[in-house]
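As a starting point, one isolated chain is supplied in structure tokens, in the form predicted alone.
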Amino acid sequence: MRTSKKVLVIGGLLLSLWGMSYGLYYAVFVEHQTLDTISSALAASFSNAAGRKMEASKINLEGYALASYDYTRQVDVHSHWIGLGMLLIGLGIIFHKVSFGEELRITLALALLIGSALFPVGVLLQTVDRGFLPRLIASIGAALVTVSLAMVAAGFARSNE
């Protein structure tokens, strides 16, 4: 098996296993508390609004928004790690049909793997810090995946097989 295929298949398997492990951890130890926070904040906000306590309602609604933001990113993170891992495995199986030299295929495989790992890390960091750096990390990861996939598509289009 060529090195580029090994990078994609083994890297994809590891990325998928990591995503599944993270998802299991989140589901068992964090998700239920987060869902309780979301539902109680929303219920308290509606209750306060019904009682014409608009400032308290607004505070509860902001708590709901924060918890919902974090929950969405946590779910996105593990599902993206798994999905991108599966994409890498699938590409690895047919990567020999990309009509580039092995050096460029290795570079593309590494860029795909790094981008596929980095993008969800940036999204995960946004639950801790909503500043520039986590968004930059996620953007770099997404750009690596997007550009590499475009090049792989061009390599498939050029294929003689």
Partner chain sequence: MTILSNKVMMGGAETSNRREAAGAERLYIIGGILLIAGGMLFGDLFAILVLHQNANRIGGEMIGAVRAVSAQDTAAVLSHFTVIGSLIENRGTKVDAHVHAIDFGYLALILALVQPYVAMTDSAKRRIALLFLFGAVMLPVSVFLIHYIGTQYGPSDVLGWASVSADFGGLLVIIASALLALGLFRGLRKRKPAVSPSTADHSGGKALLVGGALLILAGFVHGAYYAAFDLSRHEASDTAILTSMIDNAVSNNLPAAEADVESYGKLAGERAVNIAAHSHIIEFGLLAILLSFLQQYIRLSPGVRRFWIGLFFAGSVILPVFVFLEIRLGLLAGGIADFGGALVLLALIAMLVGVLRQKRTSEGGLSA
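Remember, predicted model here, so these are calculated numbers, not experimental data. Only the largest set of C-alpha atoms that superpose within 1.5 Å between the two forms is called the rigid core. Residue numbers count along the first chain shown, from 1.
Below, we turn to the form predicted in complex with the partner chain, even though it does not appear here.
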How about T127 - does it come within 4.5 Å of the partner chain in the model of the complex, if we only consider non-hydrogen atoms?
no
Even though the partner isn't displayed, in the model of the complex is A27 close enough to the partner chain, meaning a heavy atom within 4.5 Å?
yes
Hey, in the model of the complex, does A49 get a heavy atom within 4.5 angstroms of the partner chain?
yes
In the model of the complex, does Y69 come within 4.5 Å of the partner chain, counting heavy atoms only?
yes
Need the contact residues for 54 to 71: heavy atom within 4.5 Å of the partner chain in the model of the complex, sequence order, or none if there are none.
M54, S57, L61, Y64, A65, Y69
Can a Cα shift of no less than 2 Å be assigned to I114 between the shown form and the other one, given superposition on the rigid core?
no
Using the rigid core as the reference frame, would you say L66 shifts its C-alpha by 2 Å or more between the shown form and the other one?
no
